[in-house]
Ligand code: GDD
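A single chain, nothing else alongside it, follows as structure tokens in the form predicted alone.
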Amino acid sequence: MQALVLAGGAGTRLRPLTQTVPKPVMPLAGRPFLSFMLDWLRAHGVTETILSCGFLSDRVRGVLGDIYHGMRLRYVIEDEPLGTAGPVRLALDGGFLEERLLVLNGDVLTDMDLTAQLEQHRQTGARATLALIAVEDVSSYGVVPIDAERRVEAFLEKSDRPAPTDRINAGAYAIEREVVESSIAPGRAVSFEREVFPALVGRGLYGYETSGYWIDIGTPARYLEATYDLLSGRPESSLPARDVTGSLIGAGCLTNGAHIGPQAVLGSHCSVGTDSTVERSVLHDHVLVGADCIVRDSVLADRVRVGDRARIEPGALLGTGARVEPGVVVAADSRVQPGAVVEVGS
């Protein structure tokens, strides 16, 4: 089975973290994010995955390589954004596509049953089958009502009007090659949600009602929420054992005399000074936190330096190589650019 992962976005909502690290391989619970998706695909029989990349694409390939635990990885590069469907046409024109494939949004952490989705797709003779999952608040998503035969009745993008269903497009599609050939124009940006799927309503478009864990990690709050969930064991993963606080401490970290946890992640070779507290926060690799500091509900990218007695308030994101001077308070929801220096009074 073949899959294509849409991983070309710049991750603007996660800036400044994604200004230097592409979102597909940004650390999540100490691992490149896409490694969780690739594990999920392997568990459902996928043997080849095409990664559609754009922003910092060379770094994605540098991290993941061409073989992942026996799965072949191939790459198509968007020189300019092609929407959600355009990259699939690019893969077709590059000679990559088989007769049927899965298409996945590249910013979703989930344990949905792809095997069951593919089985329904075969049984119904669908041209395309969309995974649909129920959420409490549909205001940020497109909703997809289906009839008793599971045929899609409409594809309704975000709207202020009351939604006819709580089932949203979960970003996992089983698609026949002929749909790509006939419904996605080459050489321009094309949207599955606004062009391809609405045109397929009544013409072989089905919905598969699924359940399980599902989260879009594209915002800072959801990135942290997904981190906490992984640390808690949902969804299941191959993460190393967590400590008694539910935290994950990477190799080569120095934390003697510090208070780590609950639900913190320290990447490799981090150092946290005496009497400092790091809780419900993520430190990427080679982060240095001085003595008597407090870091809560925040994300510190690679090589961030935090001086003694500094405090990082909830929701703050510090980009790669940023430096916080001693005694500084970085206010809640702050964004510190890569390499920036936060001084007293700034």
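Quick note: we count residues from 1 along the sequence shown, nothing fancier. Just so you know, these numbers come straight off a predicted model, no measurement behind them.
Another form, the form predicted in complex with the named molecule, is not on view; read the next lines as being about it.
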The named molecule contact in the predicted bound form: R13, any heavy atom under 4.5 Å:
yes
Residue-level question: is G207 within 4.5 Å of the named molecule in the predicted bound form, judged on heavy atoms?
no
Using a 4.5 Å heavy atom cut-off, state whether N169 contacts the named molecule in the predicted bound form.
yes
Find out whether any non-hydrogen atom of G142 is located within 4.5 angstroms of the named molecule in the predicted bound form, and reply yes or no.
yes
May I ask you to choose, among D111, E153, D216, E176, the residue with a heavy atom within 4.5 Å of the named molecule in the predicted bound form?
D216
Specify the contacting stretch among 255 to 263, 239 to 247, 114 to 122, 73 to 81, defined as having any heavy atom within 4.5 Å of the named molecule in the predicted bound form.
73 to 81
Could you list the residues in 105 to 128 that come within 4.5 Å of the named molecule in the predicted bound form, counting only heavy atoms and keeping sequence order?
N105, G106, D107, V108
